[in-house]
Ligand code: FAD
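Just the one chain here, the form predicted on its own, laid out as structure tokens.
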Amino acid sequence: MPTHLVAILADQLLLEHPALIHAQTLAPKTDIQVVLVESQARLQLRPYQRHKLVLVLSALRHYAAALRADGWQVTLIAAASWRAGLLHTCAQFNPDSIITMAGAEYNARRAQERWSSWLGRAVTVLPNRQFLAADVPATGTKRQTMESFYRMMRVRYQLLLEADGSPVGGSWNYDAENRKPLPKHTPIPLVQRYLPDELTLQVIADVAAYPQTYGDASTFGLAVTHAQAADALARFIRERLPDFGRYEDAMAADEDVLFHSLLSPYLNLGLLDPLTCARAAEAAYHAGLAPLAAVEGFVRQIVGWREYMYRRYWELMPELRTMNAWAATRPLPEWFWQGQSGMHCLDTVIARVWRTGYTHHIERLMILTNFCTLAGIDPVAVNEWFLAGYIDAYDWVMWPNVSGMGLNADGGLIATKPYISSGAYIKRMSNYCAGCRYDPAVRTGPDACPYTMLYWNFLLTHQPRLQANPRMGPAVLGLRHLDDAQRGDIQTQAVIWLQRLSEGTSA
């Protein structure tokens, strides 16, 4: 019988898992039992996008097969919960101790702290090694900006630096060069689709039987193994990274991914390593295969934005879940589950979520959370929707991104200003407005774009507070061009529109 049990969470599918490495310092493989649990409580916690469920389950089952092929004794068990799965496995094998790696999510880590009392045996919880920021000392401030954090990470991991420690190209950040709208008829490389094997086809069939889920799993084509994820990274570096930067903020009604990497689901599951991704992009720059602005933008997303959000999540939890700085209490409209708002941009993005489980970060920020901020939607409801719909959604990434960066519900602890805009931004950065009944240049009347009307209403409603924010002040100054009658028209129409929204009749 094995003397040690290694418990690996479903989002920790690392090639070199710390718990496996640690266990081998204590005993040979023959004395170690690995347990993976398909927790039905977690899989049916929300009305998930079926692509998310297929991705997690297929990757987990492929991981179990890979471990067995490498000589490990593996138990993959479907159980009512992780606790039930562990209790069953301990009763079966009676190990002396359990070794695991700390979960990335708050609830998972708190549960691991209780494993020893649940199971009546020693539990070793190793530090999480899926994130580069795990070893970075805390600054002691609650308001460290992402930019300062990002520069510190670049220095720590020696990314895009000259020999003297200065940034390659003379600048740390090339974001100003990465804001171009997509020209018409721009050729977009296809994202590689990985045909499901027999194991994945069985998962698709299993997920089809799950109640209260969304999407069509028969169209699933995501990477589910380390080899496929590595191939997805290589294809991105070769085919889409060169144009990633300049069109990073662009949106298109008829393109799901554009030049984005679509690597976040694999990073968040442990199928890819963040530093490997960043160094692959850096190597492409040095080889002359991609411009500096594109490479720096990608590196900033990986070692800056992603790691910063993980750090802020752990600094602000669990209070982050209840933060609501703008006192937003309106329920999430039911049409977020069907995409029938009447706004072309919003309906297209919502439909994309339920068709693929993915939209890129600007659509999340400037279409989805922008609308929810302006409309005063309850942050908890918005987070629950994102957690249900996205293939890369996990607690640690959605709460800081949605509540913090997207909704500014944390009062500015993560982002220094609310990310809000009128329909003018959407028109400038996309082709959505060409197919919409609303006019982004109109604030009031039957043709007024709801984004534009709600944007100006938000500025009017929160004028003193926004004006005190150095980054929002210039936007609020635009209110001086509105006379009393115009202000009254905007606010009157907004009140009516938002009341209808609350009643489920707005569009």
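Worth saying up front: this structure is predicted, and the values here are computed from it rather than measured. Sequential numbering from 1, following the sequence displayed.
Note that the form predicted in complex with flavin-adenine dinucleotide (FAD) isn't included here; everything after this is about it.
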| query | finding |
| --- | --- |
| Among the candidates Thr213, Gln112, Gln301, Gln130, the residue which, in the model of the complex, approaches flavin-adenine dinucleotide (FAD) to within 4.5 Å (heavy atoms) | Gln301 |
| Contacting member of Thr359, Thr225, Asn178, Gln144, with respect to flavin-adenine dinucleotide (FAD) in the model of the complex [4.5 Å, heavy atom] | Thr359 |
| Heavy atom of Arg246 within 4.5 Å of flavin-adenine dinucleotide (FAD) in the model of the complex | no |
| flavin-adenine dinucleotide (FAD) contact at Phe386 in the model of the complex, heavy atom, 4.5 Å | yes |
| Contact flag, Arg364 vs flavin-adenine dinucleotide (FAD) in the model of the complex, heavy atom cut 4.5 Å | yes |
| Residue contact check: Phe93 to flavin-adenine dinucleotide (FAD) in the model of the complex, 4.5 Å heavy atom | no |
| Partner-proximal stretch of 261-269, 204-212, 163-171, 70-78 relative to flavin-adenine dinucleotide (FAD) in the model of the complex, 4.5 angstroms, heavy atom | 261-269 |
| Residues from 398-415 in contact with flavin-adenine dinucleotide (FAD) (non-hydrogen atom within 4.5 Å) in the model of the complex | Met398, Asn401, Val402, Met405 |
